[in-house]
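Only one chain is shown below, in structure tokens, and it's the form predicted on its own.
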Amino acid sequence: MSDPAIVKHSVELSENNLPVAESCLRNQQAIYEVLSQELADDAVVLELGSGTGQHAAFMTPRLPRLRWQPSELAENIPAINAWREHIGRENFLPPLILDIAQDLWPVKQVDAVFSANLVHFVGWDKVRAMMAGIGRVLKPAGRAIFYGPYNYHGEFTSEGNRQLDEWLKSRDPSSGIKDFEQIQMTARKEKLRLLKDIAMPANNRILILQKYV
């Protein structure tokens, strides 16, 4: 496929035996440029679906006052810990075991929530549960930031995204690229309103939502 939004779970080992997802290598600089403008320096950021832990490893040295809280399913925690040990940054916090579908999250309140290439990998039931969880833990005026591909008015924005959607549905029929308009509606139910919709490389977007009272 031609679109780099693809395969979050395609992971290899680097020369240091650290898990590496090629998609992270391609998008992390572009994501950093947005986060550096949109997050307060001293924010606590909960990352959902941290995967290999590469985003935490990339962001924490560049945003030293920001505290980055990774989270993942239990089986992926060792990969994140490997990167945490390798980077050796105090603001790279120990990863939490978290399934976005669970009712009780192991965190109380955070300034921001971030996820990359997560929304299209899961079904709408998990997206709704994730939004509800964000609504519970995000401080008033806090921001939720989602990176990935989205459809607009029910249409794919590229052939690569269409192929990605086919691949996703072949592995999980409930997954797939979500409609921007439906994401907005789901977010509003949890008091999250859209602030920005930012174009990113390779037909991806960053959606920035803010919690209102």
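As the structure is a computational prediction, the values presented were derived from the model and not from experiment. Residue numbers here begin at 1 and follow the sequence given.
A second form of this protein, the form predicted together with a small molecule, is not displayed here; the remarks below concern that form.
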- [ ] Would you check, heavy atoms only and a 4.5 Å threshold, whether A116 touches the small molecule in the predicted complex?
- [x] yes
Task: G51: touches the small molecule in the predicted complex, heavy atom cutoff 4.5 angstroms - done: yes
Task: L18, heavy atom within 4.5 angstroms of the small molecule in the predicted complex - done: no
TODO: Give a yes/no on whether F121 approaches the small molecule to within 4.5 Å in the predicted complex, heavy atoms considered.
DONE: yes
TODO: Tell me whether N161, E181 and R205, taken together, all sit within 4.5 Å of the small molecule in the predicted complex, counting heavy atoms only.
DONE: no
TODO: Note which of I87, L73, A132, V107 lies within 4.5 Å of the small molecule in the predicted complex, where distance is taken over heavy atoms; exactly one does.
DONE: L73
- [ ] Look at the stretches 183 to 191, 148 to 156, 51 to 59, 32 to 40 and give the one with heavy atoms within 4.5 Å of the small molecule in the predicted complex.
- [x] 51 to 59
